[in-house]
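Here's a solo chain for you in structure tokens, the form predicted on its own.
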């Protein structure tokens, strides 16, 4: 790729390097993500998927190699990257509207601007009428919509998503997958999405990156040419799911 927006070069992450509990999570990993691309990362449990995402978010530092955004080393969090966690991580004392305009508020935008930005994304994630509700008054799916809207309200170039639908029931998960695709198609953000679900990865992404068991390396990059909307009765869909599941079965730790 000539001008990747995200890049990992020889990335390494070791936990507790000077103790008997040393764990090599990622070793010599190389990955490039193009602007506006939707990339899903799958791999065995504990293989370092979330660690990789946190390094790209600037929340963790690599032990070796480097992580780059638009060719610049990542040294910490930045407004060009928005993060959505599996846990909703909303501020319980703030309303839906107030949670969403948190970033613009910290940036010094006026109250009027903050409310306008929040309303734009409330409409986008279909939460009209819940502007003044608090997180404890919302369902899990609605809270995750707020989390996505909050990340988008900063207008990031890259959306980093760590199993954002993993804790939801299957029906809500399907609904939010469809909504996320609509948001991505409308806004054309770059999305790097971690999931344990191969079916979810095939449903959503332009490209699937399959990571090995620890210490992680990339064992497959599968480009998907299946047009949206994707359905499981498409032979190419099922063939791709099987191919990736077969690889993951081989990669499971003993």
Partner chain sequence: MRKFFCDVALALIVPIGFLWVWHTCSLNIQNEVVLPKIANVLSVLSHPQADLFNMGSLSRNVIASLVRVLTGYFIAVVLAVPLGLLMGYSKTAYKMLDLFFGLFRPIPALAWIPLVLAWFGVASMATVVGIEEGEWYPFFSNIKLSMIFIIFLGAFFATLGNTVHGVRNVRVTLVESTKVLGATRLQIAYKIVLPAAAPQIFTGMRAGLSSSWTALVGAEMMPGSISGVGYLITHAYTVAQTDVVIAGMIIIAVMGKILDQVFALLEPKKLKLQKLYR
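Numbering follows the first chain given and starts at 1. Fair warning: this is a prediction, and the values are worked out from it, not measured in the lab.
Not pictured, yet referred to below: the form predicted in complex with its partner chain.
Picking from 121-129, 172-180, 97-105, 67-75 the stretch near its partner chain in the predicted complex, with a 4.5 Å limit on heavy atoms, gives 97-105. For the candidate set 213, 57, 210, 224, a heavy atom within 4.5 Å of its partner chain in the predicted complex is found for exactly one residue, namely 57. Checked against its partner chain in the predicted complex, the candidates 142, 117, 83, 168 yield a single residue with a heavy atom inside 4.5 Å, and that residue is 83. Shown alone here, residue 136 lies within 4.5 Å of its partner chain in the predicted complex, counting heavy atoms only. The closest heavy atom approach of residue 88 to its partner chain in the predicted complex falls within 4.5 Å.
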